[in-house]
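This document starts with one chain, in the form predicted alone, laid out as structure tokens.
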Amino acid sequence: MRLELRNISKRFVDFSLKNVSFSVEQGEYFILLGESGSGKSMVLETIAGLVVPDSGTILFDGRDITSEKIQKRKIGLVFQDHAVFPHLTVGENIAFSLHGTAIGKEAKHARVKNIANELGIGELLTRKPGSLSGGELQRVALGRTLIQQPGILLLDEPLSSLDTRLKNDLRRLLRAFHRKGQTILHVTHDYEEALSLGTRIAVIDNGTIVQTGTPSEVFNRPKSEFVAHFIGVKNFFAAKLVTKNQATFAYTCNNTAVRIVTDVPDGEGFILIRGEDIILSRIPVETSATNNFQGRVVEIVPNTGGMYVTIEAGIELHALITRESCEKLGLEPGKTCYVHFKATAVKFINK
């Protein structure tokens, strides 16, 4: 079942969705990534039928559902705050959406037990929500939605309130449901979450989709400065591409020349350099890299992948190196160091 949004717009008092368009193919794990207040949850509520757009069309399985009742959409939404019923048991919460259906009592009980076991909460069916952890509550909310067998599962920041261990557990669970064929549209502000789960990503900013693509496309070739900074790309600079004597340079706004290998025509855009591709030394060294700068260490910050070393070298560069390398080089704020990176490590993005 394919979901498609075509130019969805909705004006509120102090915010607007503006011509939001994207599609989610059957079997995809689609991430809608954006900062708080960017309109992510509003898009989900519009798809679910809780918000009616001012203009645009929502198609699901080839059918126009823009004005269709919530109950007929075959779309399941899991809210960020779980929204489970405190007076019902876990089993009753999961079974709630089956009330009023033609499913018999035994079949209903079997379906509840089956989905609870899949979610790892089969032993909690008689418990009340007040005795559950945040991770268990999230699983109950998932179960209550999945038991409807939705064509697409909408998740609103499902991991935001969980600690690291519980996040990892729930990620594994969501991957398992996706592998079984469940189509998922997952809203988050966490780009690491997007990378670890998504097969395709759309980035939303101030009510507008600014980039859509695979995780590799979005994270390696961000199309704007906003996207680059939001997803944590540190070495991203406005630049002008100039070719002289068969050599191509990208000139930054302060006229720093960065050697680059590209077949993109000369013009304005951005350059991107991964922190992992930058090599540091305390003294000048012989290297095949064509970009070599002398600079001063400004800051050293621990990172999950090692240490981010910030160097002022005409432009402010951020190198990601191991803790051992940092200690071996004796790097400290204020000390001089040398920066090296290959021309092939520099990516140019048209403006």
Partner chain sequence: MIFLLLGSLVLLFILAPLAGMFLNTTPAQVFETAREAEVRDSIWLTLYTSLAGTLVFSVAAIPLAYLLARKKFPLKKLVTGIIDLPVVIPHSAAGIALLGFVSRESALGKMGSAVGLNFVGHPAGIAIAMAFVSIPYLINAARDGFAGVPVRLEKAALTLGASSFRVFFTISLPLAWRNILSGLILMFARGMSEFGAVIVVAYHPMITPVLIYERFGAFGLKYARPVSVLFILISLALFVLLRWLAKEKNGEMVNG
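Quick caveat: nothing in here was measured; it's all calculated off a predicted structure. Numbering follows the first chain given and starts at 1.
Omitted from view is the form predicted together with the partner chain, to which the following refers.
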| item | value |
| --- | --- |
| One residue of Ala239, Ile152, Val84, Ala202 in contact with the partner chain, assessed in the predicted bound form (non-hydrogen atom, 4.5 angstroms) | Val84 |
| Partner-contacting position among Arg179, His99, Arg165, His109 - heavy atom within 4.5 Å of the partner chain in the predicted bound form | His99 |
| Option from 142-150, 273-281, 191-199, 240-248 whose residues, in the predicted bound form, bring a heavy atom within 4.5 Å of the partner chain | 142-150 |
| The partner chain contact in the predicted bound form: Ile300, any heavy atom under 4.5 Å | no |
| Contact of Gln80 with the partner chain in the predicted bound form (heavy atom, 4.5 Å) | yes |
| Close approach of Lys128 to the partner chain in the predicted bound form, 4.5 Å, heavy atom | yes |
| Ala48, heavy atom within 4.5 angstroms of the partner chain in the predicted bound form | yes |
| Residues in 49-76 with any heavy atom within 4.5 Å of the partner chain in the predicted bound form | Leu50, Ile70, Gln71, Ile75 |
